[in-house]
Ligand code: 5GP
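As structure tokens, one chain now follows by itself in the form predicted alone.
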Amino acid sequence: MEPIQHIFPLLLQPKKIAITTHMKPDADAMGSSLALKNVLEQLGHQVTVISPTNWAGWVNWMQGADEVIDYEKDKTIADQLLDQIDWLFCLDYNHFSRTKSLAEKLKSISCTKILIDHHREPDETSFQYGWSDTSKSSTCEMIYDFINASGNANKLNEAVCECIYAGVVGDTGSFRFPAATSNVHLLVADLKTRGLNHEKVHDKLFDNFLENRLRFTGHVLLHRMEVFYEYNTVLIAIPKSDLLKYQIKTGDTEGLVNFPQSIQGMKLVALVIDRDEERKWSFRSKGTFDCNSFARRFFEGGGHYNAAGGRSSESLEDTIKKFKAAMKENKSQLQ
């Protein structure tokens, strides 16, 4: 994988480009994709964003979201576009398996593939050019750096600034996580000087839900949360019946895993949701507990040191048993 800087001179030559991200894209995934799309189009490129799946409605306010292709809904159209592209940008994921049913198509197409991502253990052999940096707060921070380093800071218009800020806010937990470095705050200061209305973005990200989501959150915290003080661990297990009862849609469970971190002394928070095809895990930790290694070892997942995800094809009951066994196995680290 050659350094990302090697493509900078090539940006002056108009190309057909597709931007892809991971399934169920969040604010960072969608924000980085749409920010990059906007800038590349200003440079004269023909750009399409393709999501492997649907996404949360609370990112639809981002400029360009209405043009994103849902691969599961429009596979034929997406495949035809992918067969014609010159470049493929892969944002906020570093292994094609993170793109679900889109993975095989991305592996098969013969175009230049470019990685920009901040997760651990990238599959570098799958990309011709790339930039992988786990010290970065978000892929949106990396897109901001990419725009500046390529000499295109003048393309940071209002829409681009909003998308970048949204992703940074999302992946830093509103600047509470260690990844919110001084460079992140300098980034925000620069966006503000360019006219960013941060209040608007926060309103769209956090005050843009229906009543049922708030009632669902209260129900989950009251009835689905277990606290294991001996292991400094919290487990939230959500059965499918809860999702149906409260009419929960994609994105409505975003941020739920962060609530128990407010409990004094907790080192690990685990959230498992019973989806149709699998059980989806989210992990958050504080201090020296490595979520990435934990997720990779026990739940076919990975991510960051203090934030990771995983999956299980076992039943909800069985995957919970597996988690509790893994928690006990890691007792010394959790204490």
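What you see is a predicted model; the values in this text were computed from it and never measured. Numbering starts at 1 and follows the sequence shown.
Keep in mind the form predicted in complex with this ligand is missing from the figure; the text below concerns it.
This chain lacks the partner; the member of K136, H119, R213, K113 within 4.5 angstroms of this ligand in the model of the complex by a non-hydrogen atom is H119.
Partner contact region in the model of the complex: 306-314, out of 62-70, 306-314, 33-41, 46-54, criterion any non-hydrogen atom within 4.5 Å of this ligand. The closest non-hydrogen atom of S282 lies within 4.5 Å of this ligand in the model of the complex. In the model of the complex, at least one heavy atom of E300 sits within 4.5 Å of this ligand.
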